[in-house]
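Just the one chain here, laid out as structure tokens, in the form predicted alone.
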């Protein structure tokens, strides 16, 4: 199993622990990752709204690099997977868009053909063969009550992101993270507003206070269910919960905080990796006491 690894912008700069955890987990599970000179995805909440064709052409360049390497493209970010999946679909379906983009790419010596697929690390880890390997490699359970937060862009719009998994009513409710984490001993716990936005796009693009108000409401529901930790699959969601709790604590003089983990950090702990190896030591909301309480150093 081999993929072109698309790290995006935020993870290498802000959260290298996510990358380290993912590389170590993939290596342990027999998933080969190939590095290519990708650029920004670009995000679905900024350039796409300002200049659509430029957004599409930049995304197409990234898709071309993976095509030229003959590899499907694996992302670690919900925004990246949203942009690259949508651009891939549009360019495969529209000859007019493909001609226009290929004209732009011509001077950069690339040509979009439509020969690869785009996927997210959650979908890769959820494959049967990978789950079987994970069970064989698991050295300990991670017995925590965890609230799984999927974010917006991982699965919306479902017709673009998961057309093959739509219900008869053409809806789609993600469950893979809950199911995957239950395999390693996590107790996935439901909470209100689980599938709504974390607040990050609103805070980054328009109104930071309004963005944190959404996060505060989500955290209230998470506390209500006695959830011990949050699991995310997106660096923006992580930042909103990790840094967001620091900001909210300063404003509201709240002391209780809930650690947030990126998916592969929790999987890495189950595979025997240390907290430092998966980058937990640099999180703003520390998880050391919580992990020690369940026997994980």
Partner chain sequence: MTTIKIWKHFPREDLYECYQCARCTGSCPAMQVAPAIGPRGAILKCLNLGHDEVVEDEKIWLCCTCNVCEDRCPQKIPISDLLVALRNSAARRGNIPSRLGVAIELLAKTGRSMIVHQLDEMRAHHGLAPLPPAPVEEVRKILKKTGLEEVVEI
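Positions refer to the first chain, counted from 1. Only a predicted model underlies this, so the values are computations on that prediction, with no experimental measurement involved.
The following text describes the form predicted in complex with the partner chain, which does not appear among the structures shown.
Novice: Can you tell me whether residue 99 touches the partner chain? I mean in the model of the complex, with a 4.5 angstroms heavy atom cut-off.
Specialist: No, residue 99 sits far enough from the partner chain in the model of the complex that none of its heavy atoms falls within 4.5 Å.
Novice: Taking the partner chain as it sits in the model of the complex, is residue 132 near enough to touch it, meaning that at least one heavy atom pair lies within 4.5 angstroms?
Specialist: Close contact is absent here: in the model of the complex, residue 132 is far from the partner chain, nothing within 4.5 Å, heavy atoms only.
Novice: Would you check, heavy atoms only and a 4.5 Å threshold, whether residue 145 touches the partner chain in the model of the complex?
Specialist: Close contact is absent here: in the model of the complex, residue 145 is far from the partner chain, nothing within 4.5 Å, heavy atoms only.
Novice: Closest heavy atom of residue 43 to the partner chain in the model of the complex, within 4.5 Å or not?
Specialist: Yes.
Novice: Sort through 33 to 41, 248 to 256, 225 to 233, 266 to 274 and report the only stretch with a non-hydrogen atom within 4.5 Å of the partner chain in the model of the complex.
Specialist: So the stretch in question is 33 to 41.
Novice: Identify, from the list 95, 107, 190, 128, the residue with a heavy atom within 4.5 Å of the partner chain in the model of the complex.
Specialist: The residue in contact is 107.
Novice: Which one of 117, 141, 165, 207 is close to the partner chain in the model of the complex, taking close to mean a heavy atom within 4.5 Å?
Specialist: The residue from 117, 141, 165, 207 that makes the contact is 207.
Novice: Going by the partner chain in the model of the complex, which residues of 116 to 154 come within 4.5 Å of it through any heavy atom?
Specialist: Residues within 4.5 Å: 152, 153.
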